[in-house]
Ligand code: NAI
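Form predicted on its own, single chain, as C-alpha cells, below.
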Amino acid sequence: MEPSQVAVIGSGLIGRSWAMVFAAGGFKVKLYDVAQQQLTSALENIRKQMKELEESKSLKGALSTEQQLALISTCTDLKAAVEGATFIQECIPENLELKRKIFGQLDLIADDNVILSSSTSCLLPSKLFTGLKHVKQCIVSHPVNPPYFVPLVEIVPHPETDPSTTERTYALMKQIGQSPVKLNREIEGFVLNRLQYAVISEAWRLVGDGVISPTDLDLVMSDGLGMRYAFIGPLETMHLNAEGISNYCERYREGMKLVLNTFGPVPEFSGEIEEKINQAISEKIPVVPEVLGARRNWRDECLTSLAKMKKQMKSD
C-alpha cells in the first residue's frame, strides 16, 4: 500500500523536525519553501541529523535513514506540494499576517478532506482561520521545540472546527509517535506556554528580588521540580504527595493561598534584572553559535535518553 502523504509548509527548524517525525512514521512528506536553496539546505540538515541519530541508535521509527529520506521530497510550488496530501502542517515564521496569507492560499487549493494545521505557539485559531472556506478543517497542532525530541502536541480547535478534524488530528499524532493533548477551546498561550510563563514569571521575580541567583534558580527546577515533572504532572504530584488530591488540599490549601497572594505583578522582562540574568546564564553558556549549538545538541541527547527511559518504564 502506498504510504499516506503529508505536506509541511516551511523548511525551518520546526518544519525540518516535523518532516523527520512524519517520515519516521512512514508518511511521504512534501517539504515546501519559496527558495530551492533553503530546501537544499534543509535536506542536508535532515540527512545529517538522521545519520547521527541512526549511529546513536536513537532514530525513530522502523525504517532506516535511507528509507526515511526517500520519503521526503521538496517543492517550491505550493499547489504541487499539497496535491494528494491528507494533512498539511504549516511551519512558517510566527507572524499573523504571513500565516493568514499562507492559509488564504491553502484555502483556495485545498479539497474538502485535507486537514489544515498550524504549528503556531501563540496565535489563536480564531485569528488564523476565521473567514476561511475550509475553516471546519482547520486546527492548531502546536509542537514543543524540538518536536523530534519532545513528543507533546497541543491540538487547539477553532470555534468552528469540526470535531472530526480534532479526532483525526489526534489519531494522526498518536500514529506518528507524538503525545497529543486536546484543548476544549482556544485560550491565549494555550496550556504549555501558560504553565511555562507562570514559572518564568516567578523565576524572574525571585531573581529580581535578590532571593536566589539565576544559576541556582535553574537548579531548583532541573534537580528539583523537573525531576518529578519529567514523569508526572503537577496534579498527580499533589495526589501522590498526600493521600490523594482532597487530602493534599486539606493539608496545604491555606499555605498555597498564603504564598500565591505574595506573588508580584507581571515582570517587564527588561532592564537591570534582564541584564543580571543574561550575564549569569551567558557566563555559563556563552552566546556564541558554536557553544549554543553544542549545548542544544547536549540537550537533545538528554531528551533522547530520557525518552528511551520513559518508553522502557512504560513497557515494564
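One-based numbering along the sequence shown. Predicted model, so just to flag it, every value in this text is computed and none were measured.
Absent from the display: the form predicted in complex with the named molecule. The rest refers to it.
Trainee: Name the stretch: of 199-207, 235-243, 114-122, 130-138, exactly one has residues whose heavy atoms fall within 4.5 Å of the named molecule in the predicted complex.
Mentor: Partner-contacting stretch among the options: 114-122.
Trainee: So the named molecule isn't shown here. In the predicted complex, which residue out of A110, I102, I155, A81 has a non-hydrogen atom within 4.5 Å of it?
Mentor: If I apply the 4.5 Å criterion carefully, the residue I get is I102.
Trainee: Tell me, which of C91, M173, L106, I88 has a heavy atom within 4.5 angstroms of the named molecule in the predicted complex?
Mentor: Looking at C91, M173, L106, I88 one by one, just C91 meets the 4.5 Å heavy-atom criterion.
Trainee: Using heavy atoms and a 4.5 Å limit, would one call L63 a contact residue for the named molecule in the predicted complex?
Mentor: Contact with the named molecule, no.
Trainee: Is there a non-hydrogen atom of V266 within 4.5 angstroms of a non-hydrogen atom of the named molecule in the predicted complex?
Mentor: Flag for V266 set to no.
Trainee: Check A294 for me: does it contact the named molecule in the predicted complex (non-hydrogen atoms, 4.5 angstroms)?
Mentor: Outside the cut-off, so no.
Trainee: Is there a non-hydrogen atom of Q49 within 4.5 angstroms of a non-hydrogen atom of the named molecule in the predicted complex?
Mentor: Outside the cut-off, so no.
Trainee: If you look in the predicted complex, which residues in 5-26 sit within 4.5 Å of the named molecule (heavy atoms)?
Mentor: Residues within 4.5 Å: I9, G10, S11, G12, L13, I14, G15.
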